[in-house]
Structures are given as structure tokens and as C-alpha cells.
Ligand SMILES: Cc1cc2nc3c(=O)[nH]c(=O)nc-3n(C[C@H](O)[C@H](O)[C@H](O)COP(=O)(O)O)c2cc1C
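Have a look below at one chain only, the form predicted alone, in C-alpha cells format.
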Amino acid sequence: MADPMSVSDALKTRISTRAFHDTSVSREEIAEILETAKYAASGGNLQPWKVIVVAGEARRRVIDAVKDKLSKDPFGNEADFPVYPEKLWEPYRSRRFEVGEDMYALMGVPREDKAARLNWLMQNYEFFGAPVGLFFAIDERMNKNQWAHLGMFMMSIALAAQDKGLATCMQEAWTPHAKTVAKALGVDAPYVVYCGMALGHADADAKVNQLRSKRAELAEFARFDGF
């Protein structure tokens, strides 16, 4: 058995993996990851998360449902909120633009090739080839605090997977199709689907997996008082 990965190494090596091998991941492996991630912090110990893990036919069912929805209503948004604020401001607008352009540059897809970029976007709805998808749901009566705790649970899953030599990609691309996903998965009110996550074995040779998004310097986001 490989030595456990340090938390620091897991944080620094985790990326949004966008190309996977089709090598299967066992139910037991995923269960171990979730057993670890369940210790994520949550205010009042509410543990306000639900996760639905899909593989095989269930994975295909969600993919087909969303692709059918896209074929009929490609710009429809079923979420109660946009993934990003409208008219994103600086420095966030530039950060989002830069990581997208860096990704397409790695793959040799020019800005004017709209068809290639759209085709790449659609790979989200195949989990980028990962054999396992996870979807996260939360009771719609919860407030912003509990949504933050759901995010901590998701990050804990990503780090626990990294420790096992597995890769992930958190996918808000599913969010605009949340109701279609919920119907395909049998998620009923008061629960709502937030987003998805791809999980599997990274294709280390894929150019897109060479992408390392830049991070702001400490001085840009941290303030120290009283030291």
C-alpha cells in the first residue's frame, strides 16, 4: 500500500482533471473516500449534504437526459441562481478568462474555432470520460451557511480521492440542468441538485491535464492584523 499523501501535497497536486481513462473504480474505493470525507466540518454538525454516485447504466441515464434537454433547449437554465455573477468584475473576470484561454491554448484550439470549443464544453456531459460521476444535493430550505458546508464536503472528497491516486473534476456545468439531473436520479423536493463531480483515473498524457491554473499571491487575498 502506498504511503498516505500529506494534506499539503494533496492540495497542491489536485487539479480539475478533464481527461480520464475508462478504468473502473470500485464501489468499495468510492465508499472509502466518502467515509473519509464525511468528517468534513459543518456548522452545528448538520452535515447538510447528500451525494448520489453514478456508474454504468445510471451514469448513462443522466448523460442522455441532459443531452436530450440540450438538444431541445440549449440555453435554458434550470437553476435558481447563475453559476457566476452577471457582468463579472475584476480581478475575477480576468482570472476566469485566463484559465479558459490557457486551457484551449494547451489543446491547440484557437479562439475563433467556436465549433471545437463547443465540442469541448460538451465533454462535461460525459464526465470527461470518467467512469464515475457524483452529484451533490441539499435541502432547498438550507441557507448560505449550509451551502458553504456542502462545498467543504466536496473538497474533502477531492482530497480523499487524491490520496488514493484518483482524480476529480468539480463540475458546475451540470448546475444549469439541475432539475433534469434530479429527475433522472430520482431526487425529490425538498432536495435540489447543485452540481456534479467526475471521478476516475487521470489520463496523464492528455494535454489538458497539464493545465495548472495560476493562484493569487498571498498579499492579494490575506490580511494579517496584530502580528
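From 1 onward, residues are counted along the sequence shown. What you are looking at is a predicted structure, and each value in this text was computed from that prediction instead of being measured.
As for the form predicted in complex with the ligand, it is not shown, yet the points below apply to it.
J.: So which stretch, 67 to 75, 137 to 145, 109 to 117, 122 to 130, is the one near the ligand in the predicted complex (non-hydrogen atoms, 4.5 Å)?
T.: Careful reading of the contacts points to 122 to 130.
J.: Consider the chain as shown here, without its partner, and state which of A58, A173, V187, L34 has a heavy atom within 4.5 Å of the ligand in the predicted complex.
T.: By the 4.5 Å heavy-atom cutoff, the listed residue in contact is A173.
J.: Ok, V99, M152, A79, L88: which has a heavy atom sitting within 4.5 Å of the ligand in the predicted complex?
T.: Checked against the cut-off, the match is V99.
J.: Would R14 show up as a contact with the ligand in the predicted complex if we use heavy atoms at 4.5 Å?
T.: R14: yes, in contact with the ligand in the predicted complex.
J.: Do A182 and the ligand share at least one heavy atom pair within 4.5 Å in the predicted complex?
T.: Close contact is absent here: in the predicted complex, A182 is far from the ligand, nothing within 4.5 Å, heavy atoms only.
J.: Should C169 be counted as a contact of the ligand in the predicted complex, where contact means heavy atoms within 4.5 Å?
T.: Output for C169 is yes: heavy atoms within 4.5 Å of the ligand.
J.: So, in the predicted complex, is I30 in contact with the ligand at a 4.5 angstroms heavy atom limit?
T.: Contact check for I30: no, nothing within 4.5 Å of the ligand in the predicted complex.
J.: Is any part of 185 to 220 within 4.5 angstroms of the ligand in the predicted complex by a non-hydrogen atom, and which residues would that be?
T.: Read in sequence order, the residues that approach the ligand (within 4.5 Å, in the predicted complex) are Y194, C195, S213, R215.
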